[in-house]
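Single chain ahead, by itself, as structure tokens, in the form predicted alone.
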Amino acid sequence: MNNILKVSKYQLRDFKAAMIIYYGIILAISAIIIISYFTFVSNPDGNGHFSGFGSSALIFMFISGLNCFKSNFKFMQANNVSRKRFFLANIVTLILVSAFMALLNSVLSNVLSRIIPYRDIFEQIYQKHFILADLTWFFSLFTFATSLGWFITMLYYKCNSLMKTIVSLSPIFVIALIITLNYITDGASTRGISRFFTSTLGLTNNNPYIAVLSFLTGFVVMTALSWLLLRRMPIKE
């Protein structure tokens, strides 16, 4: 366990620099928004509101997942770190970073909401604001996003040129298939997909904890698939 934490600590240094830059930008944008709001908004009590930092954090986490494999994998293999230890250290890293990002996102949202009419993506979706629900929802969402990015970058790394092209074009094939099925079934496939996401995100009864369970399930599935890839991952130049 101690060795796993050492590897995780090494990997956390890669996230540290990116997170400092990211939150430096976010704080600068927040300051500009606050100054602009009190300087230029003629009606501070209006119905408009600001949002978007939760979405940007989600994108940041996904991109971080995309960028946390190749160089670390080569370095750890060169230093005789087993694949299992590397895999477990990555899981620890992704969970810690997701928890920290969820906490910072919650703190930032609460601070901004007390200064300006700010509503984060969680509040916009569920029309409620509970700190515990907010934290657990973002934590589960971030863990899923990073694990998805991690899986995709490993898949690309393992594939040859032809398979990389197929993987890259697969979203287009999926969209075309959905459109075709939607036409054949007179819209039934789209309605089924809509019901699936409505249910898994807890929108049917406005319960964010259903979404938490769904995101964590997705995280487990992505990490399991990632382990299947990592077990026999070749070391490429």
Partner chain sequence: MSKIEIKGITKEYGTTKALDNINLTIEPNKIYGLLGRNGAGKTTLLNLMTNKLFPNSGEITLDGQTVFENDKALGRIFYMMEKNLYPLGLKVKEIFQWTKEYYPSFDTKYANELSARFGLDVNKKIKALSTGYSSIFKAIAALASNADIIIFDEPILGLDANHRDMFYKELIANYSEKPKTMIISTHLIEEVAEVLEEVIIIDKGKLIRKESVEQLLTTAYAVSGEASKVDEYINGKKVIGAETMGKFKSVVVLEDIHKKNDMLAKELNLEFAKAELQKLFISLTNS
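Numbering follows the first chain given and starts at 1. None of the values given here were measured: they were computed from a predicted structure.
The form predicted in complex with its partner chain is left out here; the points below concern that form.
Peer 1: Which of H129, R85, K164, R119 has a heavy atom within 4.5 Å of its partner chain in the model of the complex?
Peer 2: Contact residue from the list: R85.
Peer 1: Can Y23 be called a contact residue for its partner chain in the model of the complex at 4.5 Å between heavy atoms?
Peer 2: Taking the distances in the model of the complex, the answer for Y23 is no, it never comes within 4.5 Å of its partner chain.
Peer 1: Though only this chain appears here, would N79 touch its partner chain in the model of the complex if you measure heavy atom gaps against 4.5 Å?
Peer 2: Taking the distances in the model of the complex, the answer for N79 is yes, it comes within 4.5 Å of its partner chain.
Peer 1: Given that its partner chain is not shown alongside this chain, does F100 nevertheless sit within 4.5 Å of it in the model of the complex, heavy atom to heavy atom?
Peer 2: F100: no contact with its partner chain in the model of the complex.
Peer 1: Does its partner chain come within 4.5 Å of any heavy atom of F75 in the model of the complex?
Peer 2: Taking the distances in the model of the complex, the answer for F75 is yes, it comes within 4.5 Å of its partner chain.
Peer 1: Among 121-129, 67-75, 104-112, 136-144, which stretch sits within 4.5 Å of its partner chain in the model of the complex, heavy atoms only?
Peer 2: Looking at the partner contacts, the answer comes out as 67-75.
Peer 1: Using the arrangement in the model of the complex, list in sequence order the residues of 13-34 with any heavy atom within 4.5 angstroms of its partner chain.
Peer 2: Result: R13 alone.
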